[in-house]
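Just one chain follows, in the form predicted on its own, and it is written as structure tokens.
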Amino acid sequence: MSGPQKKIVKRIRIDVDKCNGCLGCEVICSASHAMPKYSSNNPARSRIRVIREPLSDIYVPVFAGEYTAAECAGRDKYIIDGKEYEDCAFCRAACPSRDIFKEPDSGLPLKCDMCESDPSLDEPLCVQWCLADALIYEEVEVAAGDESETVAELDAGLQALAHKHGWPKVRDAVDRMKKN
């Protein structure tokens, strides 16, 4: 009898102690998502943002995660070097309560795609360009989920996007993503 199915998941681990706030990760990410690729640099297109408090020497990279149609209920506070931060500062989700991680032209939510491209890269561009080694690319083995759950989640996510932004905007965004 075999154990549960396993799959390899790509992820980026962040060592906040090494981040110096240079924003190189934001620059390369936004340039790689420009149309055409590398034609411009607009930080609003970046799938990574660095929370910066230079006077306190605090720099925290945050990646764009899943879209959520509802605002979260949690409002925990974190204190780092005497400065208070809310959950939203470190949240990866694109949600209705804030403009971070939304495409500037269409308003559609952004999500880190781990620089999946053709040909594929050995590691995401932000990791390659992080001179401080604060971003570490990893491939970890995890238990594989049920494929029908993934399809159901995708369908629910697309329905929520279409409800909020309309099918034409969702189709336009998918068409732009296909061209990359």
Partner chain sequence: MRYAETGFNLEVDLARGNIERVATDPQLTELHLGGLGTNAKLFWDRVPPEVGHFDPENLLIFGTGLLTGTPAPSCNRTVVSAISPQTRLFGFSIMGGFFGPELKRAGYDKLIFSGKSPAPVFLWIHDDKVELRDASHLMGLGTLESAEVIRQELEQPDAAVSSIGLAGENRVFYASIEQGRSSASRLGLGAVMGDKNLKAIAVRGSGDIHIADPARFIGLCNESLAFIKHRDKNPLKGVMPILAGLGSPQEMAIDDEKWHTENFVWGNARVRRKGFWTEEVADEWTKTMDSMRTRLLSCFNCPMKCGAAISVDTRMCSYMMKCFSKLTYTMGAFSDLEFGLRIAQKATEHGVDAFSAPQTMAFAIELLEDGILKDSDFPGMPADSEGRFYWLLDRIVRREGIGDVLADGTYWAARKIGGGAEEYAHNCIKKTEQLPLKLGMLNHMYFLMYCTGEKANITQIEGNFPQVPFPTREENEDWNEDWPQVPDERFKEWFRDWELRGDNSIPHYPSAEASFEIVNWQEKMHYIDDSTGMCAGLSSFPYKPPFHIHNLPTLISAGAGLDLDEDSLSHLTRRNRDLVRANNIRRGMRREDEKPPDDHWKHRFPELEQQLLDGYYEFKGWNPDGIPTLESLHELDLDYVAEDFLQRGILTENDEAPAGAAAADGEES
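Numbering follows the first chain given and starts at 1. None of these values were measured; they are calculated from a predicted model.
If you look for the form predicted in complex with the partner chain, you will not find it shown, but the lines that follow are about it.
The closest non-hydrogen atom of K83 lies within 4.5 Å of the partner chain in the predicted complex.
At a distance threshold of 4.5 angstroms between non-hydrogen atoms, C115 is out of contact with the partner chain in the predicted complex.
Among residues of the shown chain, D57 is one whose heavy atoms approach the partner chain to within 4.5 Å in the predicted complex. Taking non-hydrogen atoms only, L161 never approaches the partner chain to within 4.5 angstroms in the predicted complex. Highlighted residues G24, P43 and W129: every one comes within 4.5 Å of the partner chain in the predicted complex, counting any heavy atom. Only one segment in the set 62-70, 135-143, 107-115, 33-41 has any non-hydrogen atom within 4.5 angstroms of the partner chain in the predicted complex, and it is 33-41.
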